Ligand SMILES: Cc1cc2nc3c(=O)[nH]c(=O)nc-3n(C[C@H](O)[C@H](O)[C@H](O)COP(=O)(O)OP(=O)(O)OC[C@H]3O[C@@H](n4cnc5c(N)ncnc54)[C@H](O)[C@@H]3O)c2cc1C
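Just the one chain here, the form predicted alone, laid out as structure tokens.
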Amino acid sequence: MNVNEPIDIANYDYVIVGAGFTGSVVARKMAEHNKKCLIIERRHHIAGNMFDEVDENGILVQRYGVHLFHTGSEDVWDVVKDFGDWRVRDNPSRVDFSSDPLTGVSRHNHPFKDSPVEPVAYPFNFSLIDTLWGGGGELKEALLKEFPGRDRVTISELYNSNNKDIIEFASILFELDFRPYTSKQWGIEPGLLDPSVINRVPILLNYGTELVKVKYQRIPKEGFTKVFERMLRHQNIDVMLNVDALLHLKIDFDNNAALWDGKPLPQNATILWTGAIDELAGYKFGKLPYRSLRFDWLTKNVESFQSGLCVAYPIAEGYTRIVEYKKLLSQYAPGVSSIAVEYPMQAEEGMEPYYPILIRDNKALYEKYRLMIDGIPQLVLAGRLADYKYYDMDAAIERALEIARRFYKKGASAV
């Protein structure tokens, strides 16, 4: 279609902007309640940042960074389980403190000069202490005594200990990994970020490898795009790709109303917006800062390029990590491997916004936008960009279920 042509939304109960998890789950739930849904997506594909496809090497790759599904919620698992062949996954991630494989630079950047420098397990666990502390029995005993009955702690908790050895341990971890990685990822010093960002990564008080401790940790055998295709395959769901909804949707702030193609919304229609809230508002109060990513896709003529699916390189210049997608689902591709090198950067015009930067001023600016838009009839906000929150997949689905329940209660009217 010509994106400048009017789109008749009168035949739909819900117009959903964005085909990621939030929008797609709401569409499916409402379609199952016999509501007509139209999904409008700016990009050329469904599945949002979970979009994956088979590349020229015959390897299934995730184009917006590696995504591994996990949840402890039966409600969330029930949403996705029937739309894919879900395989149990492990967490084959590593951190390499001492090398940059793209430049060949290798150096000791930790205080244990005689210790091995092979990549260590991520999240950090007792094997790190074995490697750098030569066993570190006393440190492990101190940690177990300090945090009885716990199997994981945050870096903040380690710093707040009264035990000097634990504080030193925290300081070494922070300087080896948390500070260099976080500074590259977010473009600011870690101390300026909301503590929840730093504390997302636990330190395990055992030899486990689970980043999160939940019942369901899965990966769809055929990829996430196939999951979305099945989710959206319903007679009550229509999808339009390559369409910028903001060519049609405008906010009339003087009259506190949403307009579609210059006219008031049909009385029965509700719009769910999952995109950036500041963009929806025409940047009325200025732009909300986001971090973005640049992916350098490289083909390597090797059986294996690195020690795990995802390896973080704190000392590397510019990039944070490399993902070797051949190791996702142990794909068969003899003699060749596809890797993606991730370079974080500030989101500029035309770049995909990935991560809200959660500092005080930005959260205050978001609240200003939210308060202005929340009261507009027939317009609902939800999703990572609309809520200006760092959602994992399970949290995005939980948010979608929350919105769907509110829609059930209100019928076809807005919340």
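Computed from a predicted model, the values in this text were never measured in an experiment. Residues carry their position along the shown sequence, with the first being 1.
This next part talks about the form predicted in complex with the named molecule, which is not shown.
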Pick the stretch from 372-380, 29-37, 58-66, 357-365 whose residues have a heavy atom within 4.5 Å of the named molecule in the model of the complex. 58-66
Closest heavy atom of F21 to the named molecule in the model of the complex, within 4.5 Å or not? yes
Touches the named molecule in the model of the complex: V201 (any heavy atom, 4.5 Å): no
With a 4.5 Å heavy atom cut-off, would you call A245 a contact of the named molecule in the model of the complex? yes
Does the named molecule come within 4.5 Å of any heavy atom of L293 in the model of the complex? yes
As a check of understanding, the residue in G308, G275, P314, P220 with any heavy atom within 4.5 Å of the named molecule in the model of the complex should be identified as G275
Which residues in 38-73 have a heavy atom within 4.5 Å of the named molecule in the model of the complex? I40, E41, R42, R43, G48, N49, M50, Y64, G65, V66, H67, L68, H70
